[in-house]
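One chain comes next, on its own, written as structure tokens: the form predicted on its own.
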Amino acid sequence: MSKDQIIAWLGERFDLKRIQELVDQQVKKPLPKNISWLHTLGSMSLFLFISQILTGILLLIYYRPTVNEAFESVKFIMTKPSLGWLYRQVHAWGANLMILIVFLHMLRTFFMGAFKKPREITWVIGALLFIFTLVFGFTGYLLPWNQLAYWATTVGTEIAGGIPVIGEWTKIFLRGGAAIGGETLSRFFVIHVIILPWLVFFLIGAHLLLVRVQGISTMEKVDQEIKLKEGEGTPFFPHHVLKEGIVLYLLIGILIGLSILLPFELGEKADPLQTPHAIKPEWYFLPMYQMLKYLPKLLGILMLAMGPLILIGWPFLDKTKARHPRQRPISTGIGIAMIVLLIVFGLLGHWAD
């Protein structure tokens, strides 16, 4: 069947002209002049999510989510199948890079005031995506069923158990019992490979739809944005698409390079009777974990619980109309202070015994 015949066949069933108009409208849609390399962070996050899904599917071919076989199946993946070690390392490093890049994407949105009217819902969805990305990391960390994963999950669920009123119920719900075991592994596996991917998939779809419909925020004040016409601003194609292509090409190199040069060690199989020395959570939870050491337990846990709520509701707390960081000294100061605190507590946690 020739190309013309295929187009004719599709034309009898779909309004191809209308579809082409919609595609052209999006491709030719002008972007604000303040578009920079930082605006490629969203595409990088999407690419890493797709990479995680693809490598995760490959790992599932051999992975077995039971306490007797999980560790051995990961060890088998790293030693026997062709390039199995690479898929596992790309998946592990991809998780870390995805958390970092989604965080940087939110920082860019925060400091540029892109969360303000009319993009409050876009920010809320983005904040949920960041939280679920952290949950991705937390649930996936246990799946290799090694010593570090087992005891880091034990510490994490103990912290959740300190939440007032619902803490004990939350801990038992996460663990599936009083201690980390087969039920915990099964629950984390279901959350990691079924619930979260679908949830994040639909949230990303809604996020992208809002971004394309509302457009990228300019630096003008709220209600003073100038709607760009065709031929103004920066063309989405090919200018911004080429920029994103370059960044994704570099990201692939970094991802594979880290996987080869700095691979994650599997370590020893989980042993509930032997606690490793100086067990710590992953770097993205380390600042919060370290902060709890300096605060009363109840106060620290309440602050951690309030964090996601404040993050989600920030567009409704910051009522100023200005977007430029210099015109929002209070918000900008809070943002800088949070970054400094995360770095300081993260370094203290890294150096601490």
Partner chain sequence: MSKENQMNLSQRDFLSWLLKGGVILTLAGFILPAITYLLPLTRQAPVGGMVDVGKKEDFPTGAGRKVILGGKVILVIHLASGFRAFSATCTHLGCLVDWDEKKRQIACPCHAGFFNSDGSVISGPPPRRLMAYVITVVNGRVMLSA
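Numbering follows the first chain given and starts at 1. As the structure is a computational prediction, the values presented were derived from the model and not from experiment.
There is another form of the same protein, the form predicted in complex with the partner chain; it is not shown, and what comes next is about it.
A.B. asks: Would Leu31 count as touching the partner chain in the predicted complex under a 4.5 Å heavy atom rule?
C.D. replies: No.
A.B. asks: So in the predicted complex, is the partner chain close enough to Pro81 to count as touching (4.5 Å, heavy atoms)?
C.D. replies: The answer is yes: Pro81 has a heavy atom within 4.5 Å of the partner chain.
A.B. asks: Just to confirm, Leu129 within 4.5 Å of the partner chain in the predicted complex by heavy atoms?
C.D. replies: Flag for Leu129 set to no.
A.B. asks: So in the predicted complex, does Phe202 come within 4.5 Å of the partner chain, heavy atom to heavy atom?
C.D. replies: Result no; Phe202 lies far from the partner chain in the predicted complex.
A.B. asks: Does the partner chain come within 4.5 Å of a heavy atom in each of Val165, Tyr289 and Ile301 in the predicted complex?
C.D. replies: The answer is no; none of Val165, Tyr289 and Ile301 reaches the partner chain.
A.B. asks: With the partner chain left out of view, choose which of Leu208, Leu228, Ile121, Ile252 has a non-hydrogen atom within 4.5 angstroms of it in the predicted complex.
C.D. replies: Contact with the partner chain in the predicted complex is made by Ile252 alone.
A.B. asks: Ok, Ile35, Leu41, Ala70, Leu59: which has a heavy atom sitting within 4.5 Å of the partner chain in the predicted complex?
C.D. replies: Filtering the options by heavy-atom distance leaves Leu59.
A.B. asks: For the chain shown here without its partner, which stretch in 292-300, 51-59, 310-318, 323-331 has non-hydrogen atoms within 4.5 angstroms of the partner chain in the predicted complex?
C.D. replies: Among the candidates, contact is made by 51-59.
A.B. asks: Of 86-119, which residues get within 4.5 Å of the partner chain in the predicted complex if you count heavy atoms?
C.D. replies: The stretch 86-119, when checked against the partner chain in the predicted complex, contributes only Tyr87 at the 4.5 Å heavy-atom cut-off.
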